[in-house]
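Next up: just one chain, as structure tokens, the form predicted on its own.
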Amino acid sequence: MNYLQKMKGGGQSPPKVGSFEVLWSWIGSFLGIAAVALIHFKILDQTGLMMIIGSFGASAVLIYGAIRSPLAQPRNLLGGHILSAAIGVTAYQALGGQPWLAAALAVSTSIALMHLTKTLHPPGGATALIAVIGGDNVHNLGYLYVLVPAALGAIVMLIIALIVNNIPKNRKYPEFWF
């Protein structure tokens, strides 16, 4: 196949989801992000720690809106954020003087490690990137960034996903754990 012809696509667009699915995705994402943000703003904000990072918005799309996706399963959610956070902190500490290089190394290494560990979770790439470009609030956390916000935030969102995604009879989460 010609290289440029590959870019045309050729498959069909996925079907539209029903109102029921939209509603439960909205409820789950609202409660998940609200729980993480509430912990951040009411408990941790005064301590200098953080709980909410931008990559959790993308995780919400997966674990509340695409619950059957292999990328949305608990292993991927937790492993993707935790491994990527550790790689991002390491990249920043090793190459922080060259942020463009640290950013590229953090994201690409995170993708490779998530593939190797079967924990591919696209928001993990953002978690790694945030560790590099997140500014002093993030950099001052050092490896604590792996635990709070990455691990703890993902755990809170997972708990909400387990509760909310299993309320309707026609939804089931997770598809697998390991």
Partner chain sequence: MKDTPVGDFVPVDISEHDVVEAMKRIPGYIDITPGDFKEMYQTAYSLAIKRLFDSLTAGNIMSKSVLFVEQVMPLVEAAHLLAEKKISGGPVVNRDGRVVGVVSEKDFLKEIGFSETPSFMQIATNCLDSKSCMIGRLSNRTVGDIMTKPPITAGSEMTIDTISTLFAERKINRLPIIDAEGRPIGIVTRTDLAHSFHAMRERPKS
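Residue numbers count along the first chain shown, from 1. All values derive from a computational prediction rather than experimental measurement.
Form predicted together with its partner chain: not shown, discussed below.
Enquirer: State yes or no: in the predicted bound form, is some non-hydrogen atom of residue 170 no more than 4.5 angstroms from a non-hydrogen atom of its partner chain?
Expert: Residue 170: yes, in contact with its partner chain in the predicted bound form.
Enquirer: In the predicted bound form, does residue 94 have a heavy atom within 4.5 Å of its partner chain?
Expert: Close contact is absent here: in the predicted bound form, residue 94 is far from its partner chain, nothing within 4.5 Å, heavy atoms only.
Enquirer: Just to confirm, residue 68 within 4.5 Å of its partner chain in the predicted bound form by heavy atoms?
Expert: Result yes; residue 68 sits at the interface with its partner chain in the predicted bound form.
Enquirer: Would residue 159 count as touching its partner chain in the predicted bound form under a 4.5 Å heavy atom rule?
Expert: No, no contact at 4.5 Å.
Enquirer: Taking heavy atoms and a 4.5 Å limit, what residues of 3 to 27 are near its partner chain in the predicted bound form?
Expert: Contacting residues: 11, 12, 13, 14, 15, 17, 21.
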